[in-house]
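Form predicted alone, single chain, as structure tokens, below.
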């Protein structure tokens, strides 16, 4: 799949104000500072589509982008640590959960995890919650360019082992880098195959 156009549509904190659910939707979420906005920009080949910041917690809204006039990419607020008030974090969590539980055209939620780290408790708990709620998701390992091939392989295997403690079948997973573009083509082809499969 080639990204020919990527257009910002709307930002909000109320799933009821999201665009009409008449197109396939793919959302991206992850722990704060996992490199989500950078990956969104790399996928769309736009340098400033999503706001990138060195400070965790920059994304504070549900951000909709229309891709190729065919499907929506959604940039969701990160979860976990961010230097913002607890009340603000709780508000994010509430409207993100409302979005995930009610958005009928959400074909897949891409859960981003930092490839440099071993499985984090907060990620595992969030993935467990997705399973309990029956929300379709895939795992995206980010920042793969930041560590050696062997260390990357080790951390990926640790994630698989951790998930297999609770899951009979592993979700689709991708190894990506917003620096060198690794895994971007595979991720886009997956989006294309899911979209076609749901027509």
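Positions refer to the first chain, counted from 1. Values in this document were obtained by computation on a predicted structure and should not be read as measured data.
There is another form of this protein, the form predicted in complex with a small molecule, and it is not shown here; the text below is about that form.
Student: Which residue among 138, 60, 44, 32 has a heavy atom within 4.5 angstroms of the small molecule in the predicted complex?
Tutor: So the residue touching the small molecule in the predicted complex, by this definition, is 32.
Student: With heavy atoms only and a cut-off of 4.5 Å, decide whether residue 155 touches the small molecule in the predicted complex.
Tutor: No, residue 155 is distant from the partner.
Student: Is there a heavy atom of residue 38 lying 4.5 Å or less from a heavy atom of the small molecule in the predicted complex?
Tutor: Yes, residue 38 sits close enough to the small molecule in the predicted complex that at least one of its heavy atoms falls within 4.5 Å.
Student: Is residue 146 close to the small molecule in the predicted complex, meaning a heavy atom pair under 4.5 Å apart or at it?
Tutor: Yes.
Student: Taking heavy atoms only, is residue 13 within 4.5 angstroms of the small molecule in the predicted complex?
Tutor: Because no heavy atom of residue 13 falls inside 4.5 Å of the small molecule in the predicted complex, the answer is no.
Student: Report the stretch among 60 to 68, 170 to 178, 157 to 165, 127 to 135 that approaches the small molecule in the predicted complex to within 4.5 Å, counting heavy atoms only.
Tutor: Among the listed stretches, the partner-contacting one is 170 to 178.
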